[in-house]
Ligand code: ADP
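Take a look at this single chain, the form predicted on its own, given in structure tokens.
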């Protein structure tokens, strides 16, 4: 059933960490609220940084209430029948079922907005993001600034004691400035083991 005759859609906000993805999702949610749309906001319960488990918070301190979910099934279950806009933050932590949920909602006339990191710390597609990009009507890829050279950052550099983390580490490790940096392709480093960890940035030429 299409809601109020509106055509549904899927929007993906993606890119590197610290690029403003959550800020952009919050901006779109607030504009939908100003337009008097019925909005529901969800976030992965894995992400409890900044404002806590029941809010979406950007790095600049803005926040909005969100319902924590553990799976795509939760999103489908908790969306009300009169909701016109559904937003999901940190969608890279969701299971692959989020594709079907997003498509079903869009087919019902719901505007679906998701945001998430497109690559893991190894530089590989993160969770369902790649597939969501394929089915989306609108895609915005945001960039941060490489902390090493100042160019556009497109990679997430995971750090352990200030040094690049090895490739065999866990894919999901929630963290902020203490665990990650934004870097460009040239300065993104993923050693094969702890023994091969690269030196600190300050110990080598940028």
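Residue numbers count along the first chain shown, from 1. These numbers were taken from a predicted model, which means no experiment stands behind them.
Below: the form predicted in complex with the ligand, not depicted.
When contacts are judged by a 4.5 Å heavy atom cut-off, residue 10 does not count as touching the ligand in the model of the complex. Proximity of residue 46 to the ligand in the model of the complex: non-hydrogen atoms within 4.5 Å are absent; the residue sits far from the partner. Heavy atoms of residue 29 never reach within 4.5 Å of the ligand in the model of the complex, leaving it off the interface.
The closest non-hydrogen atom of residue 147 lies within 4.5 Å of the ligand in the model of the complex.
Contact annotation: the ligand lies within 4.5 Å of heavy atoms from the stretch 138-146 in the model of the complex, the single such stretch among 138-146, 66-74, 31-39, 159-167.
Along 16-30, a non-hydrogen atom within 4.5 Å of the ligand in the model of the complex is carried by 16, 17, 18, 19, 20, 21, 22, 23, in order along the sequence.
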